[in-house]
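Before any questions on how it binds or moves, here is one chain, the form predicted on its own, in structure tokens.
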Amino acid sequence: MKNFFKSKTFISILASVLSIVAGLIIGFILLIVFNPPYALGGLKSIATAGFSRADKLAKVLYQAAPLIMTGLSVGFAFKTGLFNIGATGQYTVGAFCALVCGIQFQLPWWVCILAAMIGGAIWGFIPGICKALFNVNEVITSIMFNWLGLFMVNLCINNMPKMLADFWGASNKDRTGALASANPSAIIPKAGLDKLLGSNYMNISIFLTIGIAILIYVILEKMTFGYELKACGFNKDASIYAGINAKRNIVLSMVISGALAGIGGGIYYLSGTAQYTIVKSLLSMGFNGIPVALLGASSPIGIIFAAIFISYIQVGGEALQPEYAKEIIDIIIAVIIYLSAFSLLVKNILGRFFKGDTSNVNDEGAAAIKAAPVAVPAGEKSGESAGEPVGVPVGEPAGEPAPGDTGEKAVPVSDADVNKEEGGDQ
């Protein structure tokens, strides 16, 4: 039991729970500041609204699906030693590819999902190849490609009349056409879940994303390929020395991360309830993947629960109206989300507390190595087994100098000293 409390799993879970509690406490304080009479009721809404009705639960799962994918995108890169802050750009490009296939080319939903995956992978490939070949920091290139992706998508949609809503009978030109009228076959199947939960938001996407998360877990934890990716993240030089192709793995890590974010974009906009709106601001779903990954400790399984939690408090925040303005609700949700992201810091503090010192986690391994018995070659007797002190050659008494040894330490002599002595002898 004592070992369980010192385990990484327990410390990670406890860190996430404490971070969530801290975020909720700060959120409650803000509720008191903005509207004291409704503060307690507001906190109750945040905590219970997501499960209060079946349609609310459907919306929680609907919003959690793309969050799982962007969280996996960021978390996968974290596991391999990279920081994929470009998930929002990959998410946007993936959504664009899915919508083009669905509206422009009238393809079925599963082809659109594959197109979204390829689009996101391509957008992740470029920062990856820059990092691998030219050692360009992936954070810089990813941020640049967030904006490049946004403006490229806006430009392309504006110049594709069939993509716009007014082509399909709507009055607005600032968004893509509704899939219900443009191509119903591009909508992700609902499999009767919409009738079961009484909400048009519900479809099979939550099950698809959970399946992908489990697949990523198997790749990272149970396969040689995942081991090599993580090894490059832990120590690139040691991986190269061990024969691992580090450059290839850096590129593959960013490609897989981009593909995951791209699938998230496709899943969200192929739900049949969302339309891509042409705006000049980055989509928040990609950035929300960062606190999801941190809260889930970059574990694919942890990310599933972290994404559901983030989606849950977002739905709970919507229930605060009309007592609180929408902007205040956004502030409170942001505080809870980003305080939750401090779980990594809390994890390090808890790790030191439960281990009882400030040593790092590798000290246990070092202690085990020191305690391990030293192997003795066959046919030889160790000093200890012969009744002699360890480290002293057999047959020579301890504490006495070996033959020819005066017991004095050699002192380095400079060339000048040698010349001086030679001159004195002469």
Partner chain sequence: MKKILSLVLVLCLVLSLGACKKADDKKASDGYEIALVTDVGNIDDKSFNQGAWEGVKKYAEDTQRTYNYYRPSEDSTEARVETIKQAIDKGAKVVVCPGYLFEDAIYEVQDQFSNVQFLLLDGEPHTADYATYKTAANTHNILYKEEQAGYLAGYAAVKEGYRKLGFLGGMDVPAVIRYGYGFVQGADAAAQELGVAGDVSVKYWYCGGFAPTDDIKTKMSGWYTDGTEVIFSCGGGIYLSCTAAAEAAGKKVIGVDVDQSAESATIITSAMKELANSVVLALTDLYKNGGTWPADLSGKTSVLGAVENCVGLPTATWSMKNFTVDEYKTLFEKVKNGSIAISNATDAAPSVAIAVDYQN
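Predicted model only: the values in this text are computed from it and were never measured. Numbering follows the first chain given and starts at 1.
The form predicted together with the partner chain is left out here; the points below concern that form.
Contact here is defined as any heavy atom lying within 4.5 Å of the partner chain in the predicted bound form, and by that definition not a single one of Val17, Thr48 and Asp194 is a contact residue. Only one of 319 to 327, 122 to 130, 101 to 109, 143 to 151 places residue heavy atoms within 4.5 angstroms of the partner chain in the predicted bound form, namely 319 to 327. Only one of the listed residues (Leu282, Ala274, Ile214, Ala334) places a non-hydrogen atom within 4.5 angstroms of the partner chain in the predicted bound form, and that residue is Ala274.
Taking Asn137, Asn348, Asn200, Ser185 one by one, only a single residue has any non-hydrogen atom within 4.5 Å of the partner chain in the predicted bound form, and it is Asn200. In the predicted bound form, the partner chain lies farther than 4.5 Å from every heavy atom of Pro161. The shortest heavy atom separation between Phe76 and the partner chain in the predicted bound form exceeds 4.5 Å. Contact check for Lys44: no non-hydrogen atom falls within 4.5 Å of the partner chain in the predicted bound form. Proximity of Ile301 to the partner chain in the predicted bound form falls outside the 4.5 Å heavy atom cutoff.
With contact defined as any non-hydrogen atom lying within 4.5 angstroms of the partner chain in the predicted bound form, the contacting residues in 29 to 52 are Ile29, Ile32, Val33, Phe34, Asn35, Pro36, Pro37, Tyr38, given in sequence order.
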